[in-house]
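Just one chain follows, in the form predicted on its own, and it is written as structure tokens.
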Amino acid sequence: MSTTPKVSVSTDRLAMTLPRLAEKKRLGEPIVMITAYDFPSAQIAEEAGVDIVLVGDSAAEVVLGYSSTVTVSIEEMLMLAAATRRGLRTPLLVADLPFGAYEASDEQAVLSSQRLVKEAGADAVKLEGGGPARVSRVGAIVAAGIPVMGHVGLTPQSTTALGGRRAQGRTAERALAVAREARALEAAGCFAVVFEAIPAAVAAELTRLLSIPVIGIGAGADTDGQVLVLHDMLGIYPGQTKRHAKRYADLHSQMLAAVSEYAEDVRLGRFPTIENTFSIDPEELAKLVNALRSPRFEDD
């Protein structure tokens, strides 16, 4: 007997909107966010009933095989976001602005954001950092009518400047800097902000400070919501689970076992079987054989 729990998914769920997200924060209802990068993973997110789907630049590492997030291009993000859009109906779709697509100027940031909305169907964009230049970009994008999600703490696009992928805000001085960035992003018009790799106690204080929803990843349980990378939570890659993540499945082992079994079946003649093939009427087959053996077949 199967021990897999049955999950009931509502088919009449309302589409997530910015006012509904704000209401969730006000009511203390946790916000569920997850990454997705293609049509099938988007369908899973849809059926599972998540609130927000992020087409993150983490796709650079977990989907495209790059060594860091800074390598992914706006063209690649457009392709991934468009594929994800086709699998979604109700979650809010947020697309990351990749490195190099918004830093040069407000105008560049607006044009890149418009492409993600017009060409890929994103509902909103996300950018990293809360310094003066980033705040200016947020203001320009919001003024152009596109919602923006902020991102402070550990910002993967800036890991070299941060000294590596390490927690941020672990001193009062650094925590105050994170707080100022988050407040500046809120003032510039961000509808929500991601806190990444920030001490839980710091994130709790700042979440209470902000009026917009705070989505945490490695930021404790007191943020308004949580986000995980799909490949981390599903165990698609082997190795140790990241500290901020929880592995809910071990798909790498299952996929490896399945592909290995298939390879063995082919080599031993166990696949395909009659159940995997198509038939032809014997009379039609006889006609074909006679035609193939006819001297005229070679002439044709």
Ligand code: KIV
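We number the residues from 1 along the sequence you see. What you see is a predicted model; the values in this text were computed from it and never measured.
This next part talks about the form predicted in complex with the named molecule, which is not shown.
In the predicted bound form, segment of 48-56, 256-264, 24-32, 269-277 with a heavy atom within 4.5 Å of the named molecule: Residues of 48-56 come within 4.5 Å of the partner.
Single option in L97, V202, V227, L93 placed near the named molecule in the predicted bound form, where near means a heavy atom within 4.5 Å: Of the listed residues, the single hit is V227.
Can you pick out, from I217, L80, A101, A122, the residue that has a heavy atom within 4.5 Å of the named molecule in the predicted bound form? When the named molecule is considered in the predicted bound form, the option within 4.5 Å is I217.
Please determine whether V194 contacts the named molecule in the predicted bound form, using a 4.5 Å cut-off between heavy atoms. V194 belongs to the contact set for the named molecule.
Tell me, yes or no, whether K126 is in contact with the named molecule in the predicted bound form, where a contact means a heavy atom of each within 4.5 Å. Close contact exists here: in the predicted bound form, K126 approaches the named molecule to within 4.5 Å, heavy atoms only.
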